[in-house]
Ligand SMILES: Cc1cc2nc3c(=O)[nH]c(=O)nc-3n(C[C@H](O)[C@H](O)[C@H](O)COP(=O)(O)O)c2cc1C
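The chain below stands alone and is given in structure tokens; this is the form predicted alone.
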Amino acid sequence: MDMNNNIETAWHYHNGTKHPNGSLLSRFHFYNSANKPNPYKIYKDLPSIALPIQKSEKDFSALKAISANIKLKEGRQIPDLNVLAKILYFSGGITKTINFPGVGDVEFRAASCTGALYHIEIYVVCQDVSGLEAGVYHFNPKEMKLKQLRKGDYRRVLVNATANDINAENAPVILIYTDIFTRNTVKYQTREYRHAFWDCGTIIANTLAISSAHGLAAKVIVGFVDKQVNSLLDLNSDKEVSLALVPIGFTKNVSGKNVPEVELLNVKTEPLSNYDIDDPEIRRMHQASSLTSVNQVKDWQGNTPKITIPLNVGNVIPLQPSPENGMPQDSLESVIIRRGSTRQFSLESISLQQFSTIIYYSTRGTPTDFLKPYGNSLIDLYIIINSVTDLGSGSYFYNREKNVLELLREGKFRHVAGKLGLDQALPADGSVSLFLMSDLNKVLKRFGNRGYRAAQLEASITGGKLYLGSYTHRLGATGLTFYDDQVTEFFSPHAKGKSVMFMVIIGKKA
């Protein structure tokens, strides 16, 4: 039996990292925020290429960008260095610096990250594009530079690792997202492996949106031979691992049939973290969800199981999203620049149209290798409404196919929302608490342990879109952690057997 199909490992990890009393978490753990790990991976003695940031000539609506699905097609789908720089900057670049008394300057990036610990790295594998020669590069957001690890066209390594995924095969540029474990375990312990996909997903939501704004096809690939990708990047896979690939654009310059030899580089970096915390449970979960052969990747590919949820038509409330010409037209780039994680909500209501538009445009689908056909999903949205005009307070289920809310229970649940969100004030004060849940029994049965990665990642990509949709409306949003089983219990019997993957609060900023 291969390790991926031994799904007891995923259940052991998931149940062991539940709040409040997961067996893999220590209640006596202490994190001193004054001693944050270095959030940058710094390579020594590698050639670098400066990334230009030019004022955008694009004025592409953020809501259109998060909901678009650009198809693979011949034509102008090869990004030059300027466009690639924008994709990287608006995915993981530094967008603001804030000085905190007693802490000093903190550099915040384009996408949210648990604890602002920034443990996700981005790499580029590309053919020759205008302004950049073919190679393998690491993105340094601190200096806005690419560091060249390998010279030459290595895309065929990734095409082979993905079992000839069509997007990978035709992409002039492929981004790879990795996780450095210890940057996040220092605060969140073994739960870090959930955060790896949460924080990777919110970054990828930006990547997909900015690619769409430039008319470039993009797709999230979670099924690949892990060792091949890690070796290409010369990673120490005990410390840093690949999580996802995003091929971008279309080219006729297919990368050839022969897979180039990948030599060991042993490139030198500064220490990946000033903490050397080895978490064997994270390594065990990652190894058990790794794919070791092209045949395993092929088994991974295929249609997503269709999960139909009966609709109680007696309790249905149609949503009212704005028509395209009536919705906010704020550009995607301006929205990403002003996005943050709200730290205090007012008790004011948001409008039904605002809520409807955010939900609708955030859930139109995500192009991935595990959601086939497009529009399928592993995620269900359960919602606590505190204050939305023309919508009663209560708990709801969102049916994305019909674009309607199903009322589960009427009532004022501010205190419940606060309790479910790890006893924090934000969910109680916000207008809406959204719980992105998944039936892990069905997901793991179809995809094995790798399905755990997929469910977490899809939820967080959707969460990233909810962030952008909220800030487009000049509202606030934040992601939170939660008491796992209490969320399931609160939304049951409707949510019986489902597990929370991600939580987002939306409301007016105080």
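If you're wondering where the values come from, they're calculated on a predicted model, not measured in any experiment. Each residue number is its position in the shown sequence, starting from 1.
The form predicted together with this ligand exists for this protein as well; it is not shown, and the discussion that follows is about that form.
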Checked Leu175, Leu149, Leu426, Leu381 for heavy atoms within 4.5 Å of this ligand in the predicted bound form; positive is Leu426
As a check of understanding, the residue in Ser356, Ser341, Asn376, Ser387 with any heavy atom within 4.5 Å of this ligand in the predicted bound form should be identified as Ser341
What I'd like checked is whether Arg109, Tyr118 and Trp198 together line this ligand in the predicted bound form, meaning each has a non-hydrogen atom within 4.5 Å of it. yes
In contact with this ligand in the predicted bound form (heavy atoms, 4.5 Å), from 477-485, 23-31, 439-447, 59-67, is stretch 477-485
### Message
Is Lys96 near this ligand? Define near as a heavy atom within 4.5 Å, in the predicted bound form.
### Response
yes
Inset, instruction - Classify Met327 as contacting or not contacting this ligand in the predicted bound form by the rule of any non-hydrogen atom within 4.5 angstroms, answering yes or no. - result: no
- prompt: Is Cys113 a contact residue for this ligand in the predicted bound form, using a 4.5 Å heavy atom cut-off?
  reply: yes
### Query
So in the predicted bound form, does Tyr452 come within 4.5 Å of this ligand, heavy atom to heavy atom?
no
